[in-house]
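A single chain comes next, written as structure tokens; it is the form predicted on its own.
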């Protein structure tokens, strides 16, 4: 990493206030900045959802750059900007609440615009059954999530309902993140608002501070 880290924060909560994932993303960046200089880019897909991909978008993305029309270049401008933010980042922080057992639609739309052949992944059938390879490398990912229910971790009673974590881990390679560089902090029991929720929230706050200090190279 460079001496000054570039952190991209992507919040996807539909809540402007009362959002736990937003609270944790602020806590992470403030804790990190307290120990090491950093540049922070904010991308709020919860408040400003990205466009959904369309047939015209797909045609533009898979057309060679030198053959794209002016209209196709315009169609890809939003994707170009989002990818540039990822490329320039060292650490990507995703505020990803669980909505209906998966990720918010706005965050899925963000991933769809990030996944671009030739820019974030390459595709080559000569590789056999695994033609896709990531283009970006050496980035770290911080996943900050809040769930209304509980026990979504492997072995938990609701693990079979967890469509969020597997999807985020599966898409991490588009961001240039190896699986061992994915850090996940979760708050559960939000719908219950009982002591279990308060304990989970406090634990997540502590974990977020510690992770920020660790990633900033400071003793926790």
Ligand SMILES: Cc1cc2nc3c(=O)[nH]c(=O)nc-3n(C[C@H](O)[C@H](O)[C@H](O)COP(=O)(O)O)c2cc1C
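Residue numbers count along the first chain shown, from 1. Computed from a prediction, not measured in an experiment: that's the story for all the values here.
Heads up, the form predicted in complex with the ligand isn't pictured, but that's what we're talking about next.
- Put simply, of 30, 190, 44, 178 only one has a heavy atom within 4.5 Å of the ligand in the model of the complex, and it is 190.
- Using a 4.5 angstroms threshold between heavy atoms, residue 98 counts as touching the ligand in the model of the complex.
- In the model of the complex, the ligand sits within 4.5 Å of a heavy atom belonging to residue 152.
- When contacts are judged by a 4.5 Å heavy atom cut-off, residue 196 does not count as touching the ligand in the model of the complex.
- For residue 139, no non-hydrogen atom is located within 4.5 Å of the ligand in the model of the complex, even though that partner is not displayed.
- Highlighted residues 15, 18 and 146: every one comes within 4.5 Å of the ligand in the model of the complex, counting any heavy atom.
- Screening 99-107, 120-128, 83-91, 69-77 for residues having heavy atoms within 4.5 Å of the ligand in the model of the complex returns a single hit, 99-107.
- In this stretch, 22-36, the one residue having a heavy atom within 4.5 Å of the ligand in the model of the complex is 22; the partner itself is omitted from this view.
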